[in-house]
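Single chain ahead, by itself, as structure tokens, in the form predicted alone.
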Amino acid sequence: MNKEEIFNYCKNISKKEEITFKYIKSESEKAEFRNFSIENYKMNNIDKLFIRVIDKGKIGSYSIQGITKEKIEKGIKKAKDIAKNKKSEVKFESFGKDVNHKQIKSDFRIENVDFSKKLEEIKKNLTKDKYIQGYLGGISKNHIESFFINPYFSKENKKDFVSLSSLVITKNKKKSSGDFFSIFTKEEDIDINQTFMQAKHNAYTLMDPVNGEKGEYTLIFTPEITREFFEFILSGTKGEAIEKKNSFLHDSLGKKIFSENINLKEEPTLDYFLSSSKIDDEGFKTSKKNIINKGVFRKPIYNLYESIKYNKKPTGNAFLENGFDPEYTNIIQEASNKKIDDMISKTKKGILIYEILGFHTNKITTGDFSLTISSGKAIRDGQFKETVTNLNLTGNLRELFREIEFSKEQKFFGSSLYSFSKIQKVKLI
């Protein structure tokens, strides 16, 4: 069955029963590069149909590939059997009925980008010089089509983007490496050279690392590290974690717990952002949210199950890709008017941190963390000095983010924007 046949067949079924369908077709061209050559070129094509039913007040889900009418019918039966045998704390009546007619722009020209020419650009950038041992990384061009159907309406969506990652390894006495990742959602933004040059710059900057000295520092985090910290915080804003007191934020709703410089928003319908969506995959309208506003935690998020269980409203944050657990669309961390160069020049004793290890060990229940700075550049009197490693950063997020500054410059991560961030008087051990 082609996409149109699947769409029409599922739409007719959904008119009769409380069933939702999510179809995803993904096409990608990928190539890897290693040392100074390109290898492992491949094309991937995957299509999948996700089926979700409400049967006698219970929800059951099942997914199929290699889609035929017979498989769809069997998938529905499997989903109903799962619902029948499932223990549920809540009784479901129906999926969402929201309709949002807002248009979201995407650049479909990326689908027609000549991938072979992009590979030629990469070959030109894999230049040898006396300081470089090799390169690792990859590039991919992605085209994703999807449709969502429930008993009340349907929606279709397309996404096109190019992603590129590069890791440059030096061959000085003490080898160092520098990486950089870029994602492009508009054809005119695709810049192969910039990604390689930034990775090479990071590699040269971080040569000959030495063990850092314990003490008090001003810490400046790259946008990548800023993002990791805030993703940790966001994982604690989900409804069930709040209700069950499994999040360090469970008693903080409406309270100022962070710096007033922290403004974190969800913007679900931004043009050219990959997670933009007018409704979620349970049929509820997405909405703008001030998650953290001037340091105040404002808004947890709930899916359909949690909204019924805890007598809340669904927030439009349930998506198939996350197993229908609540998840955000696009996240915007509000920038300041301060330039990163000025923030660095005013630092007396600090470290610009490129890489931190240990985020997976953080405790969302308490907000406690124990991290290792594995790669950073020492700053003294506004000037970069030696590369440092093996310093430990421990504490609690409430304390760490009580005072923080952000840069004007931000990095685009496909569905989020984050700045450089600066925190003063942090003890490293």
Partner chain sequence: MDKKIIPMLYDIKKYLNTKNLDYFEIRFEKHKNRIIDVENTSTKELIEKETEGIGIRIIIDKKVGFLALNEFSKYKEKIDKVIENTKRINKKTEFKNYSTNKGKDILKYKDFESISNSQKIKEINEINKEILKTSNRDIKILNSEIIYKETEIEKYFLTNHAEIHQKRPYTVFYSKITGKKNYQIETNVDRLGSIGGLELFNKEEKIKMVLENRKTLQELLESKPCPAITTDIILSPDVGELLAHEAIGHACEGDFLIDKTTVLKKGLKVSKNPEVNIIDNPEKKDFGYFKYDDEGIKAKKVDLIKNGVVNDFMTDITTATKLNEISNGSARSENYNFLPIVRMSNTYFKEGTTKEKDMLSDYTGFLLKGFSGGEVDTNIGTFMFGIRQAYEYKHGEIINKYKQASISGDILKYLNKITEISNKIGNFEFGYCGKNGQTAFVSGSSPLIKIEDVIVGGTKHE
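Quick caveat: nothing in here was measured; it's all calculated off a predicted structure. Positions refer to the first chain, counted from 1.
Although not depicted, the form predicted together with its partner chain is the subject of the following passage.
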property: Contact residue in the model of the complex, from 338, 346, 309, 201 (heavy atom within 4.5 Å of its partner chain); result: 309
property: Option touching its partner chain, based on a heavy atom within 4.5 Å in the model of the complex, out of 181, 131, 152, 359; result: 359
property: Candidate stretches 246-254, 102-110, 192-200, 266-274 - the one whose heavy atoms come within 4.5 Å of its partner chain in the model of the complex; result: 246-254
property: 4.5 Å heavy atom contact, residue 368 and its partner chain in the model of the complex; result: yes
property: Its partner chain contact at residue 159 in the model of the complex, heavy atom, 4.5 Å; result: no
property: Close approach of residue 89 to its partner chain in the model of the complex, 4.5 Å, heavy atom; result: yes
property: Residue contact check: residue 333 to its partner chain in the model of the complex, 4.5 Å heavy atom; result: no
property: Within 4.5 Å of its partner chain in the model of the complex, all of 44, 82 and 355 (non-hydrogen atom); result: yes
property: Contacts with its partner chain in the model of the complex - residues in 385-416 whose heavy atoms fall within 4.5 Å; result: 389, 390, 392, 394, 395
